[in-house]
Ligand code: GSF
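Below sits a lone chain in structure tokens, taken as the form predicted on its own.
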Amino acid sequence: MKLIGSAASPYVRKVRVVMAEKRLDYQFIVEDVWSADTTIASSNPLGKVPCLIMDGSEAMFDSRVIVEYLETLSPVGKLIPQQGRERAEVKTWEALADGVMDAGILLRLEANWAGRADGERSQAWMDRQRAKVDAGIRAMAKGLGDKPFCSGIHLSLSDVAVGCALGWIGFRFPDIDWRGDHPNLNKLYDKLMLRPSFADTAP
């Protein structure tokens, strides 16, 4: 398998962490989708990463779809419950983490995208996205509480997704002090960073 992505992308990191936890072999191909000479559209018509190229050149994209598929490839490092409320809970955690990343990326693009002049940037839009980031992080902290992991006592995709979101927010928005504001999230992230899957994929 080949994984096309950016080392800084939190969605790509989520897939790379899952692959490491499940001990799956793959080739990582770095791609800058913002570059004028990017070729990502030949694999993903939406022009986004991550994109997984499987044997036979078939492409799969969207991090949620990819990690769902990867879970079926190896019994090692089970991260997603098979059914029921437990599965729905893990996928809801993933949706929350992805939503924080979605809002953060929209905020960053509005503030920094070179295709928009300073006078065209909307502070109201940036404030709206920042509020989503803040609300999402608060929800993570509340949901985690004093548990060792987001969905109980074992590592799951919930923690992978939350860890990737928090790591990216800390990387791109150092002014957001989620570590100081939420000691339980800080403790979780420090614990995740002890795992090679997280340490080796830090942005």
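The first residue of the sequence shown is number 1, and the count goes up from there. The structure presented is a predicted model; accordingly, all values stated were derived computationally and were not measured.
Here the subject shifts to the form predicted together with the ligand, a form of this protein not shown in this document.
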{"item": "Answer range among 174-182, 31-39, 154-162, 132-140 for contact with the ligand, defined in the predicted complex as heavy atoms within 4.5 Å", "value": "31-39"}
{"item": "Heavy atom distance at most 4.5 Å to the ligand in the predicted complex, all of Y11, G47 and D98", "value": "yes"}
{"item": "Interface membership of A103, the ligand in the predicted complex, 4.5 Å heavy atom rule", "value": "no"}
{"item": "4.5 Å heavy atom contact, D62 and the ligand in the predicted complex", "value": "yes"}
